[in-house]
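Before any questions on binding or motion, here is one chain by itself as structure tokens, the form predicted alone.
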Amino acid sequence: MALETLALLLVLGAPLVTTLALFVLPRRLQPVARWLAGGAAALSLAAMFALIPALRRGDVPAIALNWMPAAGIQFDLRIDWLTLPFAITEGAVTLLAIIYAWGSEANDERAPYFYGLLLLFAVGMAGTTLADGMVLFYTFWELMLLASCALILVWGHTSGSGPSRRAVALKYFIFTHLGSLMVLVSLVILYNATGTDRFSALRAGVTLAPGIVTTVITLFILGFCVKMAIFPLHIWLPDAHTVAPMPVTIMLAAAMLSMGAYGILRFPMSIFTMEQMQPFAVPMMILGILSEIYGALMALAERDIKRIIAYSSVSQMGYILYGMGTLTYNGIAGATLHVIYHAIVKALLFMVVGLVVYVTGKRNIDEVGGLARRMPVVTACAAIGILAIIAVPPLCVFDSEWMIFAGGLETPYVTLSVITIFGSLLTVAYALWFGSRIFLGKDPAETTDTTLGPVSDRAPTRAKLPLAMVAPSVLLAALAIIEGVFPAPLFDWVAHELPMLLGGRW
């Protein structure tokens, strides 16, 4: 068996086999469940990196097995330059989320099921990117939804005044499945028109009536925008991100949202030409701007610190959709880079929020403040994440936003580009407000309660931070700096994907 084939199998096989073992032998494996999950995620990520040399040689590692031969459907896995940035982002986020869970989640008798579902969630995302067939793609797409929905339903955290985790899981399932059905309709239309479900075959060209082309592209974009949580298709996101346990929230925000961007690149922008996509450029740019501004305004209006960062994701996905909508080299490359950089920064900010909640036991921004003295390392990580998300150079997001804005200014729609650039001021507003209130503001515990005495005399909810929660945060803060200063390796990956899009116009 070739090394590339083994690595491709390990990407999915390592977490899948571990999941099955955790589900079948939960009592026996409960003491080591977290270590098994971390090891499986690390092995899967290492296998992804092991495939890079083959891609650099010009090879395309692939596996093809008969699945439904009568329908011409195979079990095809394939990794190319379009897949690679997304697959590695998902793998890295999964590993860090599992490590973070070691400190943030109770490792009780249900731990094997929790870690097993985290790995199954990861398998769904990895399979979605590696699938080279529409049926397999949709199978993994739905697996991603089922696993994440189960995690919210069973392990979700709800406040007294908020919706129940059952209501949140149901809402999340219905709305995201509605987007999935839009994608499914387009996939079936393409299958009926071509007689094949393989992406590599579809890229060779698809002949459809102009009206059908418009329908297929529209459904693809709307369906994938639901997964990206683009306004106004975002309504599932705030509650799901808020109720989900923090490791799941990290995977939802930093990895799963990128699946929507991957879907747009993999389907309409890979299958159809520049001329066929051109009518959708302005609508995509406008939707991106609306999402950018709406998400930022809602982040400013929120008081729950977890929901503030959740709405930030709605805003940041707007930048990505806008960049893809420019249909320019810089815009699309910047959007793909922004997917990776958003994953780094958003995972970092949610980890910081988790640490704040761990120490204070509170999520209302009006009830926390002045934490810089008590949490200096966390404050430093938060500062890097905040400066990164507002695109301060030389941090990573500056590089991707520069390219997105440059791509927008290359289009005839300069007004939209100017709105996007000035709309980013709202990101500056909510990010600085968030950081200053929590870390630099006055600590409400310093006020005096006439009944109980000075609250500052009382012990904090938790004084010691688990290393498993702090270490991933520090690593991500370092990555935000490193990727900003040395963006060339990632940009090289992304540059290889451009000839695969819009009929190879690059």
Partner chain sequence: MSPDNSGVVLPFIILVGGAFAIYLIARLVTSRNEWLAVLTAAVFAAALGALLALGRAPGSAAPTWGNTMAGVSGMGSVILQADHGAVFVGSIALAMGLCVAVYSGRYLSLDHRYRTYYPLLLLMVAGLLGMVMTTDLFNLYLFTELMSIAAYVLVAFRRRTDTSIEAGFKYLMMGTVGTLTLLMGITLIYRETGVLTIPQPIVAPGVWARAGLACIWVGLGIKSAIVPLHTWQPDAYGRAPSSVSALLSSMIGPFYVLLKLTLALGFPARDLGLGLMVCAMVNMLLGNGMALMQTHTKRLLAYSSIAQLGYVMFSVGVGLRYELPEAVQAGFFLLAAHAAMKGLAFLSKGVCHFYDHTTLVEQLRGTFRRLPVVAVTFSIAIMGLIGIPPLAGFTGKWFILTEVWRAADGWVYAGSVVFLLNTLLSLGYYLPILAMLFSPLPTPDTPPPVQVSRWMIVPLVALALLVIALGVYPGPLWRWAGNVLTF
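Numbering follows the first chain given and starts at 1. The structure displayed is predicted, hence computed values, not measured ones.
Another form exists, predicted together with the partner chain; not displayed. Remarks below refer to it.
Colleague: Looking at the partner chain in the model of the complex, do all three of Trp67, Glu109 and Phe173 come within 4.5 Å of it through at least one heavy atom?
Modeller: Yes, all three are in contact.
Colleague: Among Glu410, Glu142, Asp304, Glu367, which has any heavy atom within 4.5 Å of the partner chain in the model of the complex?
Modeller: Checked against the cut-off, the match is Glu142.
Colleague: Tell me, out of Tyr294, Tyr358, Tyr329, Tyr138, which residue has a non-hydrogen atom within 4.5 angstroms of the partner chain in the model of the complex.
Modeller: By the 4.5 Å heavy-atom cutoff, the listed residue in contact is Tyr138.
Colleague: Tell me which stretch of 173-181, 319-327, 426-434, 368-376 has a heavy atom within 4.5 angstroms of the partner chain in the model of the complex.
Modeller: Among the candidates, contact is made by 173-181.
Colleague: Within a 4.5 Å heavy atom cut-off, is Val392 in contact with the partner chain in the model of the complex?
Modeller: The answer is no: Val392 has no heavy atom within 4.5 Å of the partner chain.
Colleague: Counting only non-hydrogen atoms and a 4.5 angstroms cut-off, does Met246 reach the partner chain in the model of the complex?
Modeller: Met246 lies outside the contact set for the partner chain.
Colleague: Any of the heavy atoms of Trp402 lying within 4.5 Å of the partner chain in the model of the complex?
Modeller: No - in the model of the complex, heavy atoms of Trp402 and the partner chain never come within 4.5 Å of each other.
Colleague: State yes or no: in the model of the complex, is some non-hydrogen atom of Leu146 no more than 4.5 angstroms from a non-hydrogen atom of the partner chain?
Modeller: So Leu146 counts as contacting the partner chain.
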